[in-house]
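Each of two forms of one protein chain follows alone as structure tokens, named structure 1 and structure 2.
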Structure 1
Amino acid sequence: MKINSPLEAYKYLPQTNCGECGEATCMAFASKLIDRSGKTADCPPLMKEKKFAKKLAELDRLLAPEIREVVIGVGDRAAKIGGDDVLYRHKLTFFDKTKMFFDVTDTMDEAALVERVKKIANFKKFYVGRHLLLDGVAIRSVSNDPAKFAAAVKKVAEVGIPMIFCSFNPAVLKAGLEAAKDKNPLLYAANKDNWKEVGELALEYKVPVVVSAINDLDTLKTLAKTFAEAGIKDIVLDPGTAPSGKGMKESFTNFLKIRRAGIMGDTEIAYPIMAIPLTAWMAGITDPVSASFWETAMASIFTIRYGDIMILHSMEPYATLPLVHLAETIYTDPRTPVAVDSKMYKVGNPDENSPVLFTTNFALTYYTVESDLSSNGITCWLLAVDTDGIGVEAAAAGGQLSADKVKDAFDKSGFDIHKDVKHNSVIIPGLAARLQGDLEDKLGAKILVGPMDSGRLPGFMEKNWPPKQ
């Protein structure tokens, strides 16, 4: 972004305070543009009225993120990458989470291919009120045979998640493009030998393309610049991802340098970067678990330091789970509140016989407990106690979770433990067991100490609910 104060954006707005954008004033809208929670398209007058056309174009140019945003695939699973404005997440936030593509080859037998692609597409991991997914499929042309590649592409395309076509042979890439018209795959890759042909394909089929130059930033920039001048806008950079030793250190350094240059205004190299941790499998590691660990470690490094899209191999849960969590960790907006509202929540449709539980209002804790309950079909009342957004264990130790606080939360929620349920009992987190006595006195209710981890609530309920009279 070339500007950083609302005042600068305000200059380009209609300044009528008409309110159509949902904001009371143009100035309020301008600050949303600056923190990137709003976009120019949300201001109807600016979009529609001819007299603003010039201002709109200029404003869009000023607001464009430093790193170009590139879209791969189509539909609601299309993968958007790049779009960053800062080098450190606390300076704003990172945009467009690192996308994880997993490899298949055009020599796999059809059943295995389809099964693997479906597994990639169907992966889910729940996390604070949403699910984390994997993003796409990288099809490697091992055969180097256009017909075989096209056949594999057809199969993968049916599943409907974004694709990367991997071959240095333009004939192979072209066959893939013909087999998956309008699917907007990413072409991998143009290098110093094939750049003319691959560039032409990117132009002809209007698809994003990777330029590749291993450990050679001058060539990488030369290719990117040449493509940009020819009218190719959606470019992704591959500076090479070496899996070991000094080579890996060089790769890491290249990622740092490219992103720093891009954020600092070198537009000729301000594109998303691709990491290929799959090369871990070429490092001569004989044992598959070791190779997978190494791949995950490499992927983690490049998730943190500026990799925008990755090609990976291991689909084992011990590879995918840490990776989707790490991408979420690094790309979570540090500006969003970490607490949920302190109140009584319903899980399912609870009634007067349903159990009553409480946890803290720290978002992570609350969502974990809520999902453990709902996923296991436990209908109940769940109170989020305001602990200043701190988890149960720390809050119970630090005094932010005390019998008084819990009582207070019940009072404020309007829920009456004596009237709204018949059993007069409350299940408390195992990590807050020390509050049991105090709570009995303060609430005048029976206190059941629940498990240390809410994941064990189903078993606990089976044994302890309804409470014995």
Structure 2
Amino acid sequence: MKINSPLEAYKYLPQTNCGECGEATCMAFASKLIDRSGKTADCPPLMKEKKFAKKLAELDRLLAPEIREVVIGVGDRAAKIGGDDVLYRHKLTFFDKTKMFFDVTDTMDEAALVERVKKIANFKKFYVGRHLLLDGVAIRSVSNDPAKFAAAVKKVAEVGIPMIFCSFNPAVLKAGLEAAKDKNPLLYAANKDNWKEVGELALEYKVPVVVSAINDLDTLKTLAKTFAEAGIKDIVLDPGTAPSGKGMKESFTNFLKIRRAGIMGDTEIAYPIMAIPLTAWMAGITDPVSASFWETAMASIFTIRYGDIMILHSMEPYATLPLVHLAETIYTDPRTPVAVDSKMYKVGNPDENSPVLFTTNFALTYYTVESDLSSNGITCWLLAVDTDGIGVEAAAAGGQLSADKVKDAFDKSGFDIHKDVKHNSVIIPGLAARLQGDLEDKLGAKILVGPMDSGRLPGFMEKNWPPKQ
């Protein structure tokens, strides 16, 4: 992206503050363009009026990410990779989270193949308000038989998640493409020996493709440039992923060189990068736990440093859980705390006699409190107050959590403390005890100061609920 501030984007907008985009001002819309929560197509005047045509074209060019964004698969689970503009996320953020594909082979028993694919597709881990998923299946042609590979592809395609076709044999890749013409798989891979045939497949079927040159960045760049000049735009780079020792260091260095060059404007190599931690299983390690450990360690390294997509093997929880959590952390915008919607939530099935509590809308705080309540069978009303995603103690100290903010949150939620419950009482976090007097005045309700830690709510409720009138 050649521009990185709302003010720069604003110069290319109509500057009429018409509000057709849904924002009050063009400057507010410019901010959405910069953080990618909006796009130029959301501005009707910019799209429809001919006098803005040149500005639109230039703005689209300037907003395009330095690293090309590539889409694998179709539908809701399509995987976007690349799309970055910075080397370090604190400067802006990383946008498209590292995608993790797990392998199957075309020599697997059909039942085992289907079972593993469903396990990949159905993986789900709840984490601070969202579900962490695995992203797709890498189908490896161990048989080198086009017919066997096509049969495996058909079975995997039935599940409906993105796929990578893994073979250096163009005939095998073509058989897979014929079996899944409309699934937009990623082809792995074109190298110096098969580049012409694989390139023709990518053009014919209009699918993304990996170019591979192990520890040879000059050849890698040449292949990428050749494919781009031939009209293939959706390219992924494979510089090699060595599993240990000096080889791993060299792989790490190659990733850094490629990404740095792409961010700095070398468009010939500004593409997403593939890491293959699966190679840990090919390094002569016989113990599966040790192989899983090294695979996870490698995947962690390349998640942190520019691996946009990975092929992995181990499905053990001790391998997958650290990786999905790490990717979620690295690709969370460091400028914006993770927050839940500010509204009144139900824990269980509360009624007019149920207690009313509030906390902040910082996701980690909210889900900690909600979990402590629900796991102990405490049915209640729980209000999340908008504190810009800041926790209770810091928000109370900094003014983001105040009596006025709590009153405003109650008003916006539509919950009337005087009508919707009989007890006219609110339990507040112990860390916000200083607000007790002001809240009694603002809400006209009885304020009970709860414990400092929500884990102590069960004991507190036993002693203090229902409140004494």
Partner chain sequence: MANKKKLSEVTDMFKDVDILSLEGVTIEGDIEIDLSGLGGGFDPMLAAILGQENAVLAQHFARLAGVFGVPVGFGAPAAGVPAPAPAVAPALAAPKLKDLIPAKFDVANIAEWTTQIQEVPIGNTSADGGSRGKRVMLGGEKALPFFPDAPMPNRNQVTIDVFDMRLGLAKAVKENYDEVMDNPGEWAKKNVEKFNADMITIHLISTDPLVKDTPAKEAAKTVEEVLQAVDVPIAIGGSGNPQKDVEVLSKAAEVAEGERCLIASASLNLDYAKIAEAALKYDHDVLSWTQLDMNAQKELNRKLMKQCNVPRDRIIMDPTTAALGYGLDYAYTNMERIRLAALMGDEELTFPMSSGTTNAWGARESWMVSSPLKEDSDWGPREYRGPIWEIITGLSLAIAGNDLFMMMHPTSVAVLKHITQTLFGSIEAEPVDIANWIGAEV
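Residue indices: 1-based, along structure 1. Only the largest set of C-alpha atoms that superpose within 1.5 Å between the two forms is called the rigid core. Since this is a predicted model, take the numbers as computed values, not measurements.
Engineer: Name the structure that is the form predicted alone; the other one isn't.
Structural biologist: Answer is structure 2, the other one does not fit.
Engineer: Has the Cα of Ser290 moved 2 Å or more between the two structures, judged after a core fit?
Structural biologist: Shift of 2 Å or more: no.
Engineer: Superposed on the rigid core, does the Cα of Tyr345 end up 2 angstroms or more away between the two structures?
Structural biologist: Yes, the C-alpha moves 2 Å or more.
Engineer: Quick one: core overlaid, is Ile67 moving 2 Å or more at the Cα between the two structures?
Structural biologist: No: Ile67 shifts by under 2 Å between the two structures.
Engineer: Taking the rigid core as fixed, quantify in angstrom how much the C-alpha of Gly391 shifts between the two structures.
Structural biologist: For Gly391, the alpha-carbon shift amounts to 6.7 Å.
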